[in-house]
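A single chain, nothing else alongside it, follows as structure tokens in the form predicted alone.
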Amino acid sequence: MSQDERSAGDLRNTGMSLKHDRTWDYELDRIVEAVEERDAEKVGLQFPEGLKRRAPHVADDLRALLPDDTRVMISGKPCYGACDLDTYMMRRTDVFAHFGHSPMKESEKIIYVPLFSNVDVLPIMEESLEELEKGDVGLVTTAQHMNKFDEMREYLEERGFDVHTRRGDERLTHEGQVLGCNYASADIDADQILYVGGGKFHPLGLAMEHPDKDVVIADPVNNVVTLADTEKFMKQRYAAVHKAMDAEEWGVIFCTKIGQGRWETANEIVENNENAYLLTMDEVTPDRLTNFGLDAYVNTGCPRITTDDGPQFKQPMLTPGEYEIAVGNKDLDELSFDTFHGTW
């Protein structure tokens, strides 16, 4: 099969038009090449939650490009990042394609397809200039917009800004990239940060992790510029900590997802609290925790379980740092955003 034929199949059914006519390139040619090189019989596909509805169409396009005896399977497990791989499927397939996230750890078995956005970021960046002071500025974005990162930097430099960027740690693939659990790329010498991307969680984490910096949010998808405000979030976290101060029995959650486990942290808490119980879980939901009937919980897995879903839990759900405050080991003014460093 020629390269042209493969390219034609990439977006035949799966090119999807969303806001701003976004189209994802599923890079099916890379998967086909891997199948040929490995003489693969089974191919696994994993998608983040927002793209699962496209999974059958991607599978159809891929099957049209592969030999008839090649089996294509779709992971139904929840997926919230490159740290959340379907290891069960990985072990049972010859080629495993993970869509929507940049690589967190290099592996010959995994094909990471980042699904870069083709949204034009310059109009919203122009609007964001009204919120930026001329001079030093940090620039960060998410994996979906990394393909436009050089363009973003050049745009700011051409308008007189001294742009500061860096690659954080080994959990981050690209310079200037941030994750919902890691903002090390914003450890730069500037009092203001421009975040180009969608969602509220990333810029909120940026503002919490770097309280000395002003965080300007330029959202090219929803076409809006705002400033990150942590006040409401801080009130929620303080309330959860105060409620947990009366807890007698604690559940300490160790997440079994491949890139989200903090085993040492979980065990240290349990070893120092005779009324704490170690709970191993894959998917952490309010219903699953309610069945244990404990007074409060500490989440050592993905920080977003606590910060995004915390209000949904009937009992207080704390980060490891918040737990230390609740049991009296730290002062309340030491409350900080929970971040995740290192890979598996």
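Sequential numbering from 1, following the sequence displayed. Computed from a prediction, not measured in an experiment: that's the story for all the values here.
Omitted from view is the form predicted in complex with a further copy of the same chain, to which the following refers.
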property: In the model of the complex, the residue from Lys134, Lys235, Arg167, Arg71 that sits within 4.5 Å of a further copy of the same chain by heavy atoms; result: Arg71
property: Interface residue in the model of the complex among Glu127, Asp162, Asp150, Glu271, criterion: non-hydrogen atom within 4.5 angstroms of a further copy of the same chain; result: Glu271
property: Which of 199-207, 253-261, 175-183, 214-222 lines the interface with a further copy of the same chain in the model of the complex (heavy atom within 4.5 Å); result: 253-261
property: Non-hydrogen atom within 4.5 Å of a further copy of the same chain in the model of the complex for each of Lys77, Asn267 and Glu283; result: yes
property: 4.5 angstroms heavy atom contact with a further copy of the same chain in the model of the complex for His242; result: no
property: Interface membership of Met89, a further copy of the same chain in the model of the complex, 4.5 Å heavy atom rule; result: yes
property: Pro67, heavy atom within 4.5 angstroms of a further copy of the same chain in the model of the complex; result: no
property: Interface membership of Ala55, a further copy of the same chain in the model of the complex, 4.5 Å heavy atom rule; result: yes
property: Within 4.5 Å of a further copy of the same chain in the model of the complex: residues from 280-301 (heavy atom criterion); result: Thr280, Met281, Asp282, Glu283, Arg288, Thr290, Asn291, Phe292, Gly293, Leu294
